[in-house]
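In the block that follows, a single chain appears as structure tokens, in the form predicted on its own.
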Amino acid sequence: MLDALQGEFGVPGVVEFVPGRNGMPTVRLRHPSGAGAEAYLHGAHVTSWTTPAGEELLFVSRQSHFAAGRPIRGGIPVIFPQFGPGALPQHGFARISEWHVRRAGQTDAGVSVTLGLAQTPETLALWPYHFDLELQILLRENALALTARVVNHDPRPFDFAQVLHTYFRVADIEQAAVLGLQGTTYIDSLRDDARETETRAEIRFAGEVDRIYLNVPDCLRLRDEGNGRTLTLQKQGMPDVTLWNPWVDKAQRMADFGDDEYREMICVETGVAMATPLSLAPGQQWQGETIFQVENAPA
């Protein structure tokens, strides 16, 4: 399989299809600047994004499963068509499905691969709609752009959520801050989904956090003071942002997450959450994009 993918889509030294953990098919992107990215076909799951200097910007748990039918803990899980719990498996089925390569290569815009997922007998048994879901992963010198597209190929309308559940690596969660959410409404899942207005210009972390911010500005910043860098998140078509960190007690209850790893990560997730699902009529499509950019980094 990997040889066939490399023959059809690979570009030596730029786009390469290789075995990942437990032999799972993986695509590695290398930008001429030296920046890199890695994604598993399992879940179209980005598990690595590195700067030209080799700094890793994403967090993946050392306890994570890399196995068919199980989600990878960390990186950028693709959530579809359900966010959180509900009638489907937690966060839907896209993150545990096997995706297919549609395009790959290098242009002036950067190095990219496009992965796709459509209905199968297994998905139809869970969610009885015909759909097409596509994710383009575009690597630039100091940026990673993810563009998701959903098309309704069913004769009926359907509602869906789509979220990029991004786990960022930080030096110390207590030295990290998220900026750009002041004045927005959030749903606090730790307080029975209470709705509040965010009053802080700078959100810092000293305990478990699980909040969905609704209709937020399209530009946010994540300041990682311990690593001396700031990341910007520029989004389009993705109105909601979720902040999540399990902290001590929940981390200890999670079998695929190290007890102390909560200190090394923060999830800043862009997309369309279940609080405000989108509805697509037959033949309609939706597209959303998030560009992650290193604003400044250690020399």
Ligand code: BG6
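The first residue of the shown sequence is 1; numbering continues from there. All of these numbers come straight from a predicted model, not from anything done at the bench.
Just so you know, the form predicted in complex with the ligand exists too; it's not on screen, but the next bit is about it.
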*Non-hydrogen atoms within 4.5 angstroms of the ligand in the predicted bound form: do F83, H91 and Y167 all have one?*
yes
_Considering non-hydrogen atoms and a 4.5 Å limit, which listed residue (Y262, F66, F59, W244) is close to the ligand in the predicted bound form?_
W244
*Just give me the single entry in D224, E134, D210, E198 that has a non-hydrogen atom within 4.5 angstroms of the ligand in the predicted bound form.*
D210
*Do K250 and the ligand come within 4.5 Å of each other in the predicted bound form, heavy atoms counted?*
yes
*Should E269 be counted as a contact of the ligand in the predicted bound form, where contact means heavy atoms within 4.5 Å?*
yes
*asked:* So in the predicted bound form, is the ligand close enough to R149 to count as touching (4.5 Å, heavy atoms)?
replied: no
*Might R73 be said to contact the ligand in the predicted bound form, defining contact as any heavy atom within 4.5 Å?*
yes
_Stretch in contact, per heavy atom within 4.5 angstroms of the ligand in the predicted bound form, of 140 to 148, 91 to 99, 126 to 134, 170 to 178_ = 91 to 99
